[in-house]
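Only one chain is shown below, in structure tokens, and it's the form predicted alone.
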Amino acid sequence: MTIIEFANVSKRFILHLNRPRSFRDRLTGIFSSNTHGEEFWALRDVSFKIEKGQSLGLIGHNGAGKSTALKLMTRILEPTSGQVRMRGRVAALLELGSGFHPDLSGRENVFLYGSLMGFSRRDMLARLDEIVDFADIGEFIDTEIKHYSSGMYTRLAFAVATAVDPEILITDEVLAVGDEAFQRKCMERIYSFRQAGKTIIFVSHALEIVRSLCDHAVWLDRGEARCVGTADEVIDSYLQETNRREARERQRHTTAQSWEDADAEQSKRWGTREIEIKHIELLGPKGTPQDLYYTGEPLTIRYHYRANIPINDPQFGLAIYHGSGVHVTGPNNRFSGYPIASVHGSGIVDYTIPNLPLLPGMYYLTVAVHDANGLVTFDHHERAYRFTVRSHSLKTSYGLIELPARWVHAATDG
């Protein structure tokens, strides 16, 4: 049974760029026939269907039309043209604390939300302990929610929305407000909804979670449905286009300049320069330079150096940082049991990771070369290089690295 259907749906907004600055301007505008403004089409001719029990992911860059599509599903907005058909009780988490009244306590808002969903006070009272426990707000349940932090808002909103047994759960990036432990708890509940045969509409920039959670996906781009199909098909198409865009941008930036300016170079690079790191290459599986890598594939970091004087036992090292700033690893050739007796003149040093364990994200690379004791810095490039990691398949949703491990199960008699 089709439970959600978009049939050639378009949504237009009129942007009034010249806003009235005074009461006279507003009054004049009421009686003026000049009501023209700039048209903005948030959605254009979008069509897709979702059957009962399926899950749909909406993906795309910011401003693509995802939030507009969700508001059409919940009847917050009506389409300019086309039809939106929804069947079943809908619980939606589109904005922080949506459906709550700021002057009421958390407890009173639980009953208010339940009444809007068709539940009696007795029904919600039976669910109250579970809601308070999941939201983890304790005695603050009787505090006016206008005094809540954003995290408390989010926890209570999600707890209430998922406690009313909706047939369709709609959630936007609002879950990103909570801390990691709460996000994990929310995802566990969303997965349990899926296992129970509920219909889920999920919007997130975490594509691997969308891939694992959703059966189908829609890629929205500037209001148009660029791709509609299985989650794997849509996400792969989206990533291919994203990678092409990023490659063009990197090429444009590289052509313009290798360093932002002389001051930036001095802040990112220092050393005595007896050995100079002339160039760094990041090489993929085919031995060619690239900026995008996949978990499990090889990555080689190649130093092109020049030793201006003979140096014995140099230490070539590096550090990899996640985009969040977390230091992931910091090896050097000496610690790895690969001494280099001496260098003089030009040469190369390769550091190869046969199976890249990094999980999807943006990473920054620091490279350096020191003397044998690590006391003299010949050349140091601080987080001067950047690369992106993607994943062909979801093996884990959280963390920085994929551990080479295995599971073993053995049944035992009770």
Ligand SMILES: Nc1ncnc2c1ncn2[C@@H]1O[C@H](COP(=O)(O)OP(=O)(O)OP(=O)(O)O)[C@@H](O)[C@H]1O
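Just count from 1 along the sequence shown to find any residue number. Note that the structure is predicted; figures quoted are calculated from it, not measured.
The protein also exists as the form predicted together with the ligand; that form is not presented, and the subsequent description refers to it.
- None of 384 to 392, 54 to 62, 369 to 377, 349 to 357 except one has non-hydrogen atoms within 4.5 angstroms of the ligand in the predicted complex; the exception is 54 to 62.
- Proximity to the ligand in the predicted complex, defined as a heavy atom within 4.5 Å, holds among 278, 205, 146, 244 only for 205.
- At a distance of at most 4.5 angstroms from the ligand in the predicted complex, all three residues 15, 42 and 66 contribute at least one non-hydrogen atom.
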